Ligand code: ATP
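Only one chain is given next, in structure tokens, and it is the form predicted alone.
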């Protein structure tokens, strides 16, 4: 664990020194401190301070300040090297909707602010004058590889049910275990997730799937997953090593393929419920349909699949087949060979088009059916992709 002093960007140093120079407390807090201790990249430096938003605005009156969350005591200071979110020490009122506090109260006490945070690994702070402040043994939990709630876990999750999924996400992305009492509270309070917006659930779900520890988290917390996605009730997972080597969205498709009798419909219903983007829904459904309906273990099957579903969907389908042990890396090499060959796998590569067929006497829907027949004949090697041969072939078909 890296317990050396944090190397702060100039903007963060400027902010902290400005507060301290006039007698206010101010610290880097949360994820930046956690990631520094873990030796991970730091993307944002959030600051907590004893100063109220009004005092912050006065202190930084010559800088650009945006009221990003003024109701909750948060402003954003925009400096040359980035944006810094600054939040006043606070305590939270009662949580009436299992998601948001009904009120907040500004405080001059750092302990008040840290005690309202979700997990011990996120409840540490730092400035150059004091060093690390660790009121809830977050460093010890990092050493032990544990996600532990600050205070009483059931209370933390009742206050904000999204913390249930954040616990799973942090455990997955950091490769940590969830502490025993925190885990028990997750299972006890899982139904509260119905109060969380579907968009926020999908964000945490995706990050959990991306994590190196996602296999264990999905295995141990199947009943939680079934709450956020009933389509995955009775969740089954592919083989661990294959799962771990797959991209997150292929992992997701693998769960539906392994867990549902109708994975295409189940995937679509779940993703629409979670407000996933339409492109990802269509692409995922195409990959599932392609794997289930096409022969991807030979060149002709791969060409046919590209014609029906497109190259991207076929690549995802083969990746999904590798994940579920239906296909192998050799099939992916075969796909690359097909692409590199330049052989036609779409109507645009066919040496005759609809106008050519119309000139031969085909009309209406006959044109589309004839093009489809010619494309498949070329793919299967039944006819060379040459105009005269194609004309002879399709006229011969028409006479049968």
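Computed from a predicted structure; not experimentally measured. Residue numbers count along the first chain shown, from 1.
There is another form of the same protein, the form predicted together with the named molecule; it is not shown, and what comes next is about it.
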Looking at 207, 315, 177, 189, which has any heavy atom no more than 4.5 Å from the named molecule in the predicted bound form?
-> 207
170, 157, 221, 256: which sits within 4.5 Å of the named molecule in the predicted bound form by any heavy atom?
-> 170
Heavy atom to heavy atom, is residue 34 within 4.5 Å of the named molecule in the predicted bound form?
-> yes
Contact flag, residue 74 vs the named molecule in the predicted bound form, heavy atom cut 4.5 Å = no
Mark residue 122 yes when one of its heavy atoms lies within 4.5 Å of a heavy atom of the named molecule in the predicted bound form, and no otherwise.
-> yes
Any of the heavy atoms of residue 351 lying within 4.5 Å of the named molecule in the predicted bound form?
-> no
Among 23-31, 330-338, 53-61, 351-359, the region lying within 4.5 Å of the named molecule in the predicted bound form by heavy atom distance | 23-31
Looking in the predicted bound form, the residues of 116-134 with a heavy atom no more than 4.5 Å from the named molecule, listed in order, are 116, 117, 118, 122
